[in-house]
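First, one chain by itself in structure tokens, the form predicted alone.
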């Protein structure tokens, strides 16, 4: 005879796992924003996320790894909201107008740096990286360098198009507009705005352009 009772579907372990990961990401970013990196603990993250401590240690070896991955996830969400396709490599726009492309990206960066969701945990991680060499190295390797490489790739494309002098080192050139913005943001030496980053690009490209 057929079973009159509908059978319950087995729980979706993958979906449950992803929900747990997202809860851990959110908890880690919230805690580091509230109490700072030194006072953030795996136990605190677990309690806030509603998971066991061993769940976190099963996926990450330390709180630094949790926070860095949480920040990467937040950045990926931001990129998707800006139009990037999930799973596809992100690249800076290349419309043929280098100035416009750089200004657009830096304006988006200003928005991100002024968004409390990004600003507070980013400041906490950056500050900890100054006194904790391991965290600093991971912060640079996992978060900063991949982003800087996007500028390198865009500047190399501009060199190929004859918009930037061929002898220019793109890795040094990008610091003409990225580093001043980072300094202002980190040290509060001045306001950051679209006008400011547009001006940085104008000044930098004047120095990078081919000589007549």
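Positions refer to the first chain, counted from 1. Here the structure is a predicted model, which is why all the values come from computation and not from measurement.
What follows is about the form predicted in complex with another copy of the chain, which we do not show.
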(message) Using a 4.5 angstroms cut-off on non-hydrogen atoms, would residue 183 count as touching another copy of the chain in the model of the complex?
(response) yes
(request) May I ask you to check whether residue 137 falls inside a 4.5 Å heavy atom distance of another copy of the chain in the model of the complex? (result) yes
(message) When the contact criterion is heavy atoms within 4.5 Å, does residue 23 count as touching another copy of the chain in the model of the complex?
(response) no
(message) Residue-level question: is residue 194 within 4.5 Å of another copy of the chain in the model of the complex, judged on heavy atoms?
(response) no
(request) Name the stretch: of 23-31, 65-73, 44-52, 164-172, exactly one has residues whose heavy atoms fall within 4.5 Å of another copy of the chain in the model of the complex. (result) 164-172
(request) Only one of 106, 113, 124, 92 comes within 4.5 Å of another copy of the chain in the model of the complex by heavy atoms, so just point that one out. (result) 124
(message) For a quick check, can you give me the residues of 184-201 that have a heavy atom within 4.5 Å of another copy of the chain in the model of the complex?
(response) 184, 186, 187, 188, 189, 196, 199, 200
